[in-house]
Every structure is written in structure tokens, then in C-alpha cells.
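The chain below stands alone and is given as C-alpha cells, in the form predicted alone.
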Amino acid sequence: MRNIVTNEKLAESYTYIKHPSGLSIYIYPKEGYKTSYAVFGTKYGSIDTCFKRSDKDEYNKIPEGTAHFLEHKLFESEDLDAFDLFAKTGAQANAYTTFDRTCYLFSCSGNFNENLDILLNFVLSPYFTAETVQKEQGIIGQEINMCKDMPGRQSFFNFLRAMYKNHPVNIDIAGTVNSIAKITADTLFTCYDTFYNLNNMALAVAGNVDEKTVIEIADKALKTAQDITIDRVFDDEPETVVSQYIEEKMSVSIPLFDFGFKEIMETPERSLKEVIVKRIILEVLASKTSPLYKELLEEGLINDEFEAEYFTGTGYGMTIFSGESNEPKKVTEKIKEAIKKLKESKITEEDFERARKRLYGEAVMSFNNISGIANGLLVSHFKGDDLFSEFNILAGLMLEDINNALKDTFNENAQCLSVVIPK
């Protein structure tokens, strides 16, 4: 199957191909670009700790951090390291694991065909032994301990632990030293065979790329995969938070904070429209042009590190305000006061249009970045959208949509403040 997806207003288009192997392939050529970017990903992240394949009877409960551990191990084969192969071609390669996906990528200004072949082949050629797993446990264990010295990261994950009681979003993506010690080669093969099925994966290429060449390389590298579905299981999550306040002392010159509100998830995932609506609310409330931001800045309560975001995925959703402040509790009170005023007065048409134009402009600018395009294609694919869906939703939003959502946003009965203070 082959479809061309076009946005006439942007004069942009890309090709979607459902390969016979089961893999979804997205090809986004950009005229005038000399560099190429490719990302090969699977819908498998750190929160996928309990699952069942459609062709199996039993559920698998796996150690936290397995997705990240598997990402590390795939670069290594019996004879060599994939990074060495990319280094010989001059490509820059990397990988990352999030709460809900794992991706492998490269960028290059030449040898694209060879690099794409390397990418597909090493991801599809797992090699795990008891010895190599044990070695990696030591390496990742050191990485986990090093991350404990990163104040911003600690504040964020402390926030998640205080916010969520049962959902695995409360566990660091890398897991813990104790959890990764339970990972075996069999664990990795079980997860690989389940989540690295081509029907659960996607490939996106952008920049100086050619559709015919990409398909020819894919035809040689890919074999037809069994079409399975994956049932992901999460324990019931209470509407309340674990703790409204959590604190840690670290070597920082100024306290860091993460403050936010937990949402009730009536559906497994927020739709793209719901996410955009939340982003507009936060743009009006706490962007750098908002009265709240100006007040906090003028009173010396924050600096330019302050930001607000809507953070959501399968089974979780929250609004988060983060930054640096010598008085984080006072900042939270100011935020709550601003929320109360906004709910009472409602968002105006002028503020709504300003926020909508800001989001629209950011979305347009993103099409100048080929890595952003390719990663955006993967995210859209895993969410069941296309890359241009955001523009259509922004164009169709009404002020009433925003103010209706505002009523149920920022539940004060489910709030949490995480602070990292100087030792």
C-alpha cells in the first residue's frame, strides 16, 4: 500500500508505504537539503512492563528498565559494534528510549544507502548472551548512579514518583540497579520477539532521500513478520497523588522545582486534539508573554528557566510547571492564584487566537528540521495520526473547546510539588 499525504497550505508532502514485511515506512524528501536523516523505531518504552502477545496465553511481567537495556544491547553483535560501522561511513548514529517508544537513528551527508542498510540490519539482528548481559548490567548500573547526580532529572522523577502510585511512569526509564540485575538474555529475547515485530515498528527518512532507493534497501533487509497484537496491562491508578510534596538535597546553587496536577484518565490515551487544547491553555496561562510569567519574573521568584508543559502517554497525563526558584512554594501559590483567576474570567478570544497562532507558527517552523520531521512522523504513526493533523485541528478549534477543557484542568486535589534544594 502506498499513499501520498499532502498539506496544500504548507506545500509539503510525504509518502507512506505499508511494506509487505509489515513495516510502515515514511519518506519525506526535502529539496535543497544535502543531509539525510533516518529513524527506525518500535512502540515499546519503559512503561511496557506487563504484556501479552495475541498468539500466547500467558502475560509477561518484566523488570523495569528492560526497554532501555535492550536498546543498548542491539548495537552490539557477536563480531562488532554498529557504532563502528557508522563511524566508517561518516554518519552520526544514536538511539533513545522514552516512556513509550525506542528509536535508532543516524544522520549523514553521504553514503545514505549504506547507512540505511546498517541501521535496518543491526536493529533486526539481536545478539544476547549471559556474558554480554552481565557486562551491560555493570555499565547501565553506573549510568543509573550517575543520573542520580543530575538535579533536574532527580526533581522530575521524584515528581513522577510522588504523583503516581502504580503506573510504571513513576520508574526511571533506565530502571534501577536492582531491577536491571534481574534481566537475562531470555528476558531480552522475549521482549525483542514481541515488540520488535515489524508490524509494531516504523521507519521514517527525511532530507536528501529517494523513495525508490529506500524501498530497494528495505526489500533486501526485511522479511515478512507474523502479524500480532500486543495487550499492554497497567494496574489501576488512584485519582489522588502519593504525596503532595517531595524534597531532596543535592549540590545545587538554587532550588529546582517541578509542580503539577495529575489528571483522571478516562481513556487510555489523550487524543491529539486534547493535547493541543491543553497546550493552548498553558500557553495562555504561563508562556513568557503571560501576566503570570511577568509577575513571577518581576518579583524575582523565577528566572528564564521557567516553563510549562502538558505531559501525557498511555495511562497518564499531567500539567507540569518547572524551573529554578529560591521560593518554590510561593511560586506554586502564584500559579494556583493565576489558575483560579483564569477559570473565573475564562480565556478571551484575543488570548486564544494569540496562542493558536503561536502553536501554528512553531509547527510550521518544525518543517525546516529534518530530524524533527522524521521523529514527528514516528510519533504521529504510533499515535494513529498523520504529520499534518495538528494543522487541521488548530484550524478547527473553537474558543468554547478551550474554556470547556479549562474547567476540568488543574485538579487541586491531585497536585504535587517536587523540590531539589541545596545541601
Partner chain sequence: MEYNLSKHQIADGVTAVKVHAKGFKTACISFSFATNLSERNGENALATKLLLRSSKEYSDFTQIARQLAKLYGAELSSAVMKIAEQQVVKITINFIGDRFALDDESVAEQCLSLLVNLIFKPNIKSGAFDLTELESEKRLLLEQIESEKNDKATYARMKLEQLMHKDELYSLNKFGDEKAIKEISPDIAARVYADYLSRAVIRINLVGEMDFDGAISLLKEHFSSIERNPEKIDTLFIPAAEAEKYESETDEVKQGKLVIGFRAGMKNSDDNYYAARVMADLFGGGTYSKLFKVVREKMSLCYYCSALFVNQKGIILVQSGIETENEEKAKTAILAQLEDIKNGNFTDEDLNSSIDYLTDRYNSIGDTPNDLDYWFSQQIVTGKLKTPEEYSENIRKVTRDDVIKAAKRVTLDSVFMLKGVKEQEESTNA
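What you are looking at is a predicted structure, and each value in this text was computed from that prediction instead of being measured. Numbering follows the first chain given and starts at 1.
What comes next is about the form predicted in complex with the partner chain, which does not appear here.
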Which of 375-383, 28-36, 59-67, 41-49 lines the interface with the partner chain in the predicted complex (heavy atom within 4.5 Å): 28-36
Partner-contacting position among Glu324, Glu269, Asp172, Glu237 - heavy atom within 4.5 Å of the partner chain in the predicted complex: Glu324
Heavy atom within 4.5 Å of the partner chain in the predicted complex - the one residue of Leu301, Cys103, Leu198, Val275 that qualifies: Leu301
is_contact(Ala405, the partner chain) in the predicted complex, heavy atom dist at most 4.5 Å: no
Residue contact check: Gly396 to the partner chain in the predicted complex, 4.5 Å heavy atom: no
Ala91 within 4.5 Å of the partner chain in the predicted complex, heavy atoms: yes
Any non-hydrogen atom of Ala130 within 4.5 angstroms of the partner chain in the predicted complex: no
Non-hydrogen atom within 4.5 Å of the partner chain in the predicted complex for each of Thr6, Arg153 and Thr184: no
In the predicted complex: members of 8-22 within 4.5 Å of the partner chain, any heavy atom: Lys9, Leu10, Glu12
